[in-house]
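Form predicted on its own, single chain, as structure tokens, below.
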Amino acid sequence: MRRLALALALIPLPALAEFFTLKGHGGPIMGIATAPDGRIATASFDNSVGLWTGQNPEWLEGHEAAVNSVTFNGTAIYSAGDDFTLRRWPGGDVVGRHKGKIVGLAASKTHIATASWDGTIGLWPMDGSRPIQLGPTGSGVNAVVFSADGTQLYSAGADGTLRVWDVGSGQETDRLIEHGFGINELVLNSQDGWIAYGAVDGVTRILDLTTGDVRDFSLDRRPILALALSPDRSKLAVGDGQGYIMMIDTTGWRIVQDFRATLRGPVWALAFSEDGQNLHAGGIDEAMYSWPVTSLGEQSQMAATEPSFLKNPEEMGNGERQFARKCSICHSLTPAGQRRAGPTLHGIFGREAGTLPGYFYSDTLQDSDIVWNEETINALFDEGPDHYIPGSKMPMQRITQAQDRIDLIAFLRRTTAPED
């Protein structure tokens, strides 16, 4: 079996300039990175990073919550997410830690930068020396990008401010934009002297760093969630919350393509292949999609099949509806479990909390004396995980109506029972 698995992993990725998908994650794709040798890394809501050299990935596991961003830097891979940590692979060692979610990464030859919702930016030296904290900025930081020589760092966040920092001193040196709405994404083109930003209100703009002139490519869609620049700097891809990808020709400054990339949900991640022939994208689907740039919109769309949490509520009973809304994005019901942010609920009744083999539980849940049954599941959703099990990885949510909890428990009792 080991020899077969290794052989499958070596099956090469499809040739670029062909449409292909990378499947295996158990949650939405939040980040994508590419390496010069053709490898692709995908960050997912399922708490893992997929490293793809073929159609079967190597799973990099150790994060205790959703992974939001991933980047290559030399021989190492760095990832960060909702567990507040920056990790380095191979190994998954914790390089740095914030007091809030880390939603953006940038790499230079000497540092990794982290953008965190705790309002600060972390500068983590590659040589392991003492890190530097930039800020606090007064609001969550969403995106960071280094200048080509690594001496400056640009940041943007929920306050709509585009800041410039001196990496050596850690001091803020300029404020280029005061947008008024949160800025989600940045792309810097140091060679041609411009920076692009995408904002919560749907704005996509390019700022000339020499003249201060601004080019506006905003369409009537919001928010902007992903930006990517092609290796030859001739194309800027823009992904938004309504599932569209817009392609801007940066030589003639015009929109050359605009297509509906996904039938449902947003486009959260974009990256060009190293040769620029393909555009990789991720969203609410559990797969990464890659289209030839020359034929965008002519191939399959993302999320062509409906995730259970988006299924028409009228087609479900109340218990299934509660599961779809509150549980299905993190948990499966099958014995195999699939790859999810949370453990499978198969056989949940009578199981001690934090004991399913192969899942990375929080210390809080592992050390609890909870046994899952009608009473404890009811209490979990009545009080909310943050109150019932403080410190667990479960997201903050409640089911306030008693009948809804009763119906959910009945659905789980019926669908998670092991077969005789």
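Just count from 1 along the sequence shown to find any residue number. Because the structure is a prediction, the values reported are computed rather than measured.
The next section is about a form of this same protein that is not shown, the form predicted together with ligand HEC.
The shortest heavy atom separation between residue 326 and ligand HEC in the predicted bound form is within 4.5 Å. Under a 4.5 angstroms non-hydrogen atom cutoff, ligand HEC in the predicted bound form has residue 341 among its neighbouring residues. Not displayed here, ligand HEC is approached by residue 330 to within 4.5 Å at the level of heavy atoms in the predicted bound form. In the predicted bound form, at least one heavy atom of residue 380 sits within 4.5 Å of a heavy atom of ligand HEC. Here the chain stands by itself, but in the predicted bound form one stretch of 359-367, 23-31, 36-44, 50-58, 359-367, has heavy atoms within 4.5 Å of ligand HEC.
For the options 13, 399, 17, 406, the one in contact with ligand HEC in the predicted bound form, meaning a heavy atom within 4.5 Å, is 399. Contacts between 391-416 and ligand HEC, taken as any heavy atom within 4.5 Å in the predicted bound form, involve 392, 393, 394, 395, 397, 399, 408, 412.
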